[in-house]
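Take a look at this single chain, the form predicted on its own, given in structure tokens.
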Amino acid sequence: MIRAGIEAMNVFAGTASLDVSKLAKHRNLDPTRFDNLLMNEKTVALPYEDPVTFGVNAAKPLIDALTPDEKDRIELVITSTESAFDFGKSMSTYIHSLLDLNRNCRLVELKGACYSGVAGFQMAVNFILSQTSPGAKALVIASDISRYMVEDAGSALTEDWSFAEPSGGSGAVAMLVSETPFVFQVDVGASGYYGYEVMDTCRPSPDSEAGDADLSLLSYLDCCENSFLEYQKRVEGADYESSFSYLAFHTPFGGMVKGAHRSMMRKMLRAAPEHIEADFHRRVMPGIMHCQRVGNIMGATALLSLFSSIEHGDFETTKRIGCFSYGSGCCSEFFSGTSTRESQGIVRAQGFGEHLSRRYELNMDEYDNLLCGEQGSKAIRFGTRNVVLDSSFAPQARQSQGKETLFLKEIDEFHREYEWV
């Protein structure tokens, strides 16, 4: 039987961060409500960073580790995002070029709100399982940034900005998907998907978001339950508690995942509160730990949680991980796979924790200038035709990683030009 899954995996979470407890004080947020977020830090995208720079910086270590022959077997590049900057041209074309990949390659982009990363992953898995090109590899990059302000709310769309701003992050997850799933071997056919039309959150204009926070929570809970119930129909004997050593959730913020897990434990097992709390810390918290330092990176968040579960869990023996992905609007999926001690070694070798600690911490004046200043986010609004980015904005961030990092240099007649620093 053909195996399929993640051969290699890496995450890039930018060069600048913000302490969200300081942000909460700066915005005079209710401390009790803020504590429910279970957030510590968030990545902030700088003007000279975009979904391409995040994606390439995540993927480059994986590509550099391949032999020339292995690199030439990448025959599919998928970018998954809701932060695209062109209605037609796929970001995958930029990424394909910057990584110097073989031109005999499919280049596509997927949109599905926060579900897009898992959609890209499943598309790649099925490409491998189809064996239309035996031995081929797929590169899947889920990359999203928060660089928008809330759309003026109407009666039906009222985003709770006190939750959205501290939790909205930026980052990218890159995966090589192949027949040699050293990091995560997918359980073929073990997948339940569930979707319907709902107006919970949306991006009515490219640089803004609107939504109904309560409706979004209800949709998330509904999809979590029903996608798992569909998984149960397809996997005989599947049990929410005993079948999975770890659970990786799409994580808008940790408190939302905690509520979803509590709901599932009550409905599926009628578990007592003490048992639910212990189970949350044992099986779910490993997948939240990196999310607490990056924030919600939309299409990449469920995959970041999977990466975090593998890094922080106990894999002395092979363990099964249940994964839940949700995208507003909506579509969801519950699927599973297995990881090993070798998987954990591969993930830990990426040094993601050290990468997070090297980010430059913005102060509140720098952050506000980024949001409102002419050289900040306003300089790179959707549809910008010509601009040279201000490399003097937070220069400490540009040097924070201590290694060659890709940044956006300028936009010339809509074409984006990049530089390695």
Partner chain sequence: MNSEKILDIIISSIKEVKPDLANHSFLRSDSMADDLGAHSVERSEVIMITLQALTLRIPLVQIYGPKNIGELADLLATKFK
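Numbering follows the first chain given and starts at 1. In this text the structure is predicted, and so the values were computed from the model without any measurement.
One more form of this protein should be noted, the form predicted together with the partner chain, which is absent from this view; the next part is about it.
Undergrad: The partner chain isn't shown here, but in the model of the complex which of N40, Q375, N36, S391 has a heavy atom within 4.5 Å of it?
TA: Exactly one residue meets the criterion: N36.
Undergrad: Within 4.5 Å of the partner chain in the model of the complex, heavy atoms considered, which of F127, Y94, F315, F253?
TA: Spelling it out, the residue with a heavy atom inside the cut-off is F253.
Undergrad: Would you say all of D222, R262 and R266 touch the partner chain in the model of the complex, counting a heavy atom within 4.5 Å as a touch?
TA: Verified in the model of the complex; spot residues all in contact, yes.
Undergrad: Pick from 110 to 118, 85 to 93, 211 to 219, 127 to 135: which stretch has non-hydrogen atoms within 4.5 Å of the partner chain in the model of the complex?
TA: Within 4.5 Å of the partner lies stretch 211 to 219.
Undergrad: Whether R270 contacts the partner chain in the model of the complex should be assessed with a 4.5 Å heavy atom distance threshold; does it?
TA: Taking the distances in the model of the complex, the answer for R270 is yes, it comes within 4.5 Å of the partner chain.
Undergrad: In the model of the complex, does V198 have a heavy atom within 4.5 Å of the partner chain?
TA: Within the cut-off, so yes.
Undergrad: Find out whether any non-hydrogen atom of L229 is located within 4.5 angstroms of the partner chain in the model of the complex, and reply yes or no.
TA: Because a heavy atom of L229 falls inside 4.5 Å of the partner chain in the model of the complex, the answer is yes.
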